[in-house]
Ligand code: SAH
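Coming up is one lone chain in structure tokens, specifically the form predicted on its own.
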Amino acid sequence: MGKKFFIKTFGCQMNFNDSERIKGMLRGMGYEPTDNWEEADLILLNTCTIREKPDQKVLSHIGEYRKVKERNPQALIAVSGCLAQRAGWELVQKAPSIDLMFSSFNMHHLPELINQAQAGYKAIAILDAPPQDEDRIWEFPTERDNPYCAYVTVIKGCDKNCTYCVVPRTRGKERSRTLGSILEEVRRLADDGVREIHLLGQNVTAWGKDLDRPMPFSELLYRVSEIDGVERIRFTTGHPTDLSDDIVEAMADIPQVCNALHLPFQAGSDRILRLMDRGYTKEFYLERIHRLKEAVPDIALSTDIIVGFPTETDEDFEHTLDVVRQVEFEQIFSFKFSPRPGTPALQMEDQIPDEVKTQRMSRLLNLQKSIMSKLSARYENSLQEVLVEEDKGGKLIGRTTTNKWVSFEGDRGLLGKIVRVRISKASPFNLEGELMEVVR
């Protein structure tokens, strides 16, 4: 009793949702959270390995955190997530202060691993495949950071074979969570005051295809929307080839589904897309965007882009810029290509020099900056429905259905409410406004 834990999370929303579940497990074991790693009895790094920089950051943090053992020799350092799954004992050799390690396959083994580590053993449990009892993880409580918005993992893993990606290796094949398990969690969340449900998966729109009785992702959207108390639904991240017409129609038909979507395209050149093994063309992606905008006219779109994939020419990159110009994304997440161990792209010839990647990235970001300035202007003097999530010293903070942050003056009694705000000032990343009325 009285022990404290500290968690540092890297990477995607899936990792942050995993960390929320780990927090719930540790609470159940009698641990209390702390924001100060120096006073922690357990330090856990939930890692990402999608690019090289997160790998380096993890090793740097472990080097700093090991100092905790000077004050408390019984303190434990744990590593979980994708880097743990990919590197395993290799990581322990680089950082011997690691006491226990597990991956997303076996988070539910954490209590047992802590007991082993406390007994003086190196508790390293990296599995080659998900165990048969993997679904036990849904039995553990989740400690959420946001009382009004909640992530719900609906599918793990990915069956795509993108040549740059380690996810199939670190997260495994696609494994859909059962409909009943998902709806049970959503009902509990709604009963607890959660108003926005964010469905998660490495390829969330593939949910249901591998169930004993296959079911389309669109059906999941309808079933979640029928639960009392669910006011908003979002989902991340889908693959363009799995964004079928029935999903687009559900987005247009279901009032709770937000008019925002993250749909990575990665590159605009058909030649580069083939090298990436993405399974679609530039024309196909733009057709899907056209279909989305036709069905949901005010939709806000975001995407992922890789700059400098092996053999990428200036002409190839111009196709990427062309997609950005045509779609006009509200937000892009752009990354220089980072070769990952065990991926086909690592062995490809004609790797692009970093200075070329930097120059192309600069062009991309300058283009996106101009687009975001143009798009933000459309919010000025508009009325937006905002779910109020936070009170910062008298300023209330919330998000629009298009996932834009809004700040306005108001009483903290509005937390968790959906209100209508007139936007008085719009910038590319934030909006400011005046409270008009409480909607519900």
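Here the structure is a predicted model, which means the values were calculated and not measured. One-based numbering along the sequence shown.
Quick note: we don't show the form predicted in complex with the ligand, though the next part is all about it.
Proximity to the ligand in the predicted complex, defined as a heavy atom within 4.5 Å, holds among 237, 153, 256, 269 only for 237. 335 is the sole member of 222, 138, 284, 335 with a non-hydrogen atom within 4.5 Å of the ligand in the predicted complex. Residues 165, 264 and 306 are all found to lie within 4.5 Å of the ligand in the predicted complex, as judged by heavy atom distances. The shortest heavy atom separation between residue 51 and the ligand in the predicted complex is within 4.5 Å. Residue contact with the ligand in the predicted complex: residue 109 places no heavy atom within 4.5 Å of it. Although the partner is absent here, residue 202 sits close enough that one of its heavy atoms falls within 4.5 Å of the ligand in the predicted complex. Mapping the unseen interface onto this chain, residue 177 falls outside it, with no heavy atom inside 4.5 Å of the ligand in the predicted complex. Looking at 68-76, 363-371, 180-188, 337-345, the stretch with residues near the ligand in the predicted complex, meaning non-hydrogen atoms within 4.5 angstroms, turns out to be 337-345.
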